[in-house]
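Just one chain is shown here, as structure tokens, and it is the form predicted alone.
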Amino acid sequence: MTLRWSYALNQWNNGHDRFVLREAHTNAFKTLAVSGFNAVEIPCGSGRWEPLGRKDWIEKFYGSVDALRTEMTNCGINAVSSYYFNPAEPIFEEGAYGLSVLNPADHGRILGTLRQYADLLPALGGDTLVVRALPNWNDKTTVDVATMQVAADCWNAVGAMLSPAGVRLALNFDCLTMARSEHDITLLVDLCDPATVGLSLDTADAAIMGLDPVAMINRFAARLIHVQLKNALERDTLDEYKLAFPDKFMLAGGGARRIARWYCELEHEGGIVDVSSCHRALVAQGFSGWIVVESDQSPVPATSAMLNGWFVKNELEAISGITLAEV
């Protein structure tokens, strides 16, 4: 058995002007390769501040998608495991300033935006499109069958569109989402076609919400196709996900407790995620999807990548006897 490991590039691009040069991309690729990873996850994006997030911007920066893959290979990165898409993020090239999966009028535009990844992912050696499954919590929208059916209609259409290209869709639920429980997540997942739509679990965000990542792995093993393996330092004990603009005031601003950093490296002493137990559960369940390591909010992304790579190689491999596999 092998596990497919990848690393998220999002921590390198933590500002509009931090990841806009090819030299910055090359440095990130080389750092991840020397840390033991040979695949990356890339955020879908808009404009020059997310230059690897769309086919048109890849072509502007590298000339072609093939040229990007050649550059990655030269740095020791063999594949883009996955792309991550948040419908609420503005897409300036398409004149879309925040789409919602709960608005049927937006479904066509979401499909149109995501169609490019049916070609882009296989061309870069990947096979999984991860999407933020639902918008933020708000007091005017409830998690019920009728509401989840609207979301499922969109994601089923996206999954059916991607499937002929060998790309699967993975629904991701972060710590700000309106789905706050195993029941809520089950409601949407069960309305989606298991042949084309699976689940992505973020271990840190689950813990911040008060969920048990190991229990989630075991509960959803049959639908789990992608894991964002992360650690966290705090739980949202004050229900600050209900704040207006919680991504700004809770995650970035720290909320009422002025938390400097919600996320941390896999082996961090104060981490609330039992990463080793998550790994054991994935191995026990025969998981064969992508495990994407992340360390959001890292003050020094390269240091976090090296520490995480060391932990995977020297601790997690020792637990399972399963090595970091070549993609």
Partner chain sequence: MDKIKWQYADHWRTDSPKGPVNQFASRAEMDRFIKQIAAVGLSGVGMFAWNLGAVSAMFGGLPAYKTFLEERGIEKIVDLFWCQPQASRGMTIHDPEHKGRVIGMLDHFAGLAAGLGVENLIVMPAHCYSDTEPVTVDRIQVLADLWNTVGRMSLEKHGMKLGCHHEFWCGIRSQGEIDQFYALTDPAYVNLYIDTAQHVIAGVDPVALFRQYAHRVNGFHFKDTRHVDMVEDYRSQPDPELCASTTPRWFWEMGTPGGLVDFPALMQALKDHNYEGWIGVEHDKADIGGGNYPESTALAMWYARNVLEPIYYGKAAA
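In this text, all values refer to a predicted model and were calculated from it rather than measured experimentally. Residue numbers count along the first chain shown, from 1.
Omitted from view is the form predicted together with its partner chain, to which the following refers.
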Response to the item:
Exactly one listed stretch (192-200, 219-227, 237-245, 69-77) reaches within 4.5 angstroms of its partner chain in the model of the complex by non-hydrogen atoms, and it is 69-77
Item to complete: Could you tell me which one of 281, 34, 65, 259 places a heavy atom within 4.5 Å of its partner chain in the model of the complex?
Response: 34
Worksheet item: Thinking of 12, 300 and 307 as the candidate spot, does its partner chain come within 4.5 Å of a heavy atom on all of them in the model of the complex?
Response: yes
Worksheet entry | Partner proximity in the model of the complex: residue 276 to its partner chain, non-hydrogen atom cutoff 4.5 Å | no
Worksheet item: Are any of the heavy atoms in residue 267 no more than 4.5 Å from a heavy atom of its partner chain in the model of the complex?
Response: yes
Discussion item. Can you work out whether residue 55 and its partner chain are in contact in the model of the complex, taking contact to mean some heavy atom pair no more than 4.5 Å apart?
Written reply: no
Worksheet entry | Partner contact for residue 48 in the model of the complex: its partner chain, 4.5 angstroms, heavy atom | no
Discussion item. Using a 4.5 Å heavy atom cutoff, which residues in 129-143 contact its partner chain in the model of the complex? It's fine if the answer is none.
Written reply: none
